[in-house]
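Only one chain comes next, encoded as structure tokens, the form predicted alone.
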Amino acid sequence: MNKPSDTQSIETVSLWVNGRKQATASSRLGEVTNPATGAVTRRVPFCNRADIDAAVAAAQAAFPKWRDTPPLRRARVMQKFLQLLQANQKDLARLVSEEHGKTLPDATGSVQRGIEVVEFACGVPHLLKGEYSEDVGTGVDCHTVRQPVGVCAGITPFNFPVMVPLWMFPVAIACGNTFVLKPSEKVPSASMRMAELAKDAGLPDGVLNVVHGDKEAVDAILNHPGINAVSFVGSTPIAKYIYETCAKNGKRVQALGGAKNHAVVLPDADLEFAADALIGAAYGSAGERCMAISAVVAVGAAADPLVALLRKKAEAIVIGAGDKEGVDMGPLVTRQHRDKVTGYIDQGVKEGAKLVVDGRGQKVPGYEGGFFLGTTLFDHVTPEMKIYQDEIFGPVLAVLRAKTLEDGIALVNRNPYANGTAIFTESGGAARRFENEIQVGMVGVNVPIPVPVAFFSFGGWKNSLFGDLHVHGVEGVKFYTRTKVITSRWPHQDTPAPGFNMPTLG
């Protein structure tokens, strides 16, 4: 962990506990960098157990009153929060671009997708309604209620500093829970700003808390007896660890892991349209998306013309600082990650894949210290290669070839990841077969990044999800509530007293 050269001139990000900024109890600090310049812009505290204890204590203290607040009043706070997010969307996007590196239009779009989840959360009272059945037995009625689970926590990744936190805490809070958010230590500022906006919207102190840090902070969250549910988005190894640790500690958990998203392109597809879509899906946000297309399965005669189009379009992408006009793709988030992705390109060449476009050695004038990597395109990739097996999380697109649609489906289904996939075709029959047979959680038909809208739920299958419920949408409401079933009887004086036998619905 490097130390800034001039610690006096660099801001240290605070924690947000009990409705105000708080200093950390920890002596450990990390660095936040601007990926376009490589410059250290902020320091971020690496919270210890005492910091997590303080945040959880604030959330526990706020929970009873917030739980008992009528759902409509909670929804009104969400409505004001929504308005403030909309008014501050550009500022939030600038924070995202500054700390993550993605272009301003891309950052603005990601903030908008998060805002749409808040729009959904404003309608949560309708989804909190239970069910009622009269006279399930003689003089016996039965009904259900949905109640909040308590203190919830969210552990979010670096690639969507606004969108992914908004997948979690607005739904949880609208359902009556309190929340402890730990954003990625690489991109802490947007979460702090959202906490301020939530307070301005009328959210009571302690309902939303923000902590920062690395594995020490994560482990303190996972093992804290005061936290009842944990949501996570990140890599598969960490998702599995979080799932296992939470299950061991009796916590409810949804842990979304990594991905290797495939797009199957059939010969009958509009190849120009498909290539444009795939370029955006592969290289948008420098490939640092869990829903990025990183593998194209070119079927039959589609392969050669598709690769030619992909090469032409990949080479035309403008690379530069994310806040500059006309830039298509910004830098990667850190120097270490850029070097890791470069290593995968080296590995692909050694494994015998055909390097069609080489992004190594990318230079951007005026930004020589930035973490830039150009677009990279491989052809004739096989399933045995590391560049296919691993989630690279960078601007690297691999083209595999299949003879038939059946072969393409089988290839996708053999992959251990199952987050998102897409098919490009003009055949309704082929599309219908694909969506029925593919073993993947989110499917696009001529849509390269099939991220569901906010009132549907986001989540994959297999090694891309650990837990039973996806995030946001109706499944998010189910995750952040528990169902209680109440059976009642109001006896009259002539009602027979209960006996010793098992009661039946007679």
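In this text, all values refer to a predicted model and were calculated from it rather than measured experimentally. Note that residue numbering begins at 1 and tracks the sequence as displayed.
Heads up, the form predicted together with a small molecule isn't pictured, but that's what we're talking about next.
- The stretch among 399 to 407, 320 to 328, 349 to 357, 209 to 217 whose residues place heavy atoms within 4.5 Å of the small molecule in the predicted complex is 209 to 217.
- Contact annotation: of the candidates Ile279, Cys246, Leu266, Ile155, the single residue with a non-hydrogen atom within 4.5 angstroms of the small molecule in the predicted complex is Ile155.
- This chain lacks the partner; the member of Phe81, Phe372, Phe424, Phe232 within 4.5 angstroms of the small molecule in the predicted complex by a non-hydrogen atom is Phe232.
- Within 4.5 Å of the small molecule in the predicted complex, a heavy atom is found for every one of Asn159, Glu391 and Ser464.
- Within this chain, Lys182 lines the site of the small molecule in the predicted complex, having a heavy atom no more than 4.5 Å away.
- Although the partner is absent here, Trp167 is a contact residue: one of its heavy atoms lies within 4.5 angstroms of the small molecule in the predicted complex.
- In the predicted complex, the small molecule lies farther than 4.5 Å from every heavy atom of Gly176.
- Within 4.5 Å of some heavy atom of the small molecule in the predicted complex lies at least one heavy atom of Gly257.
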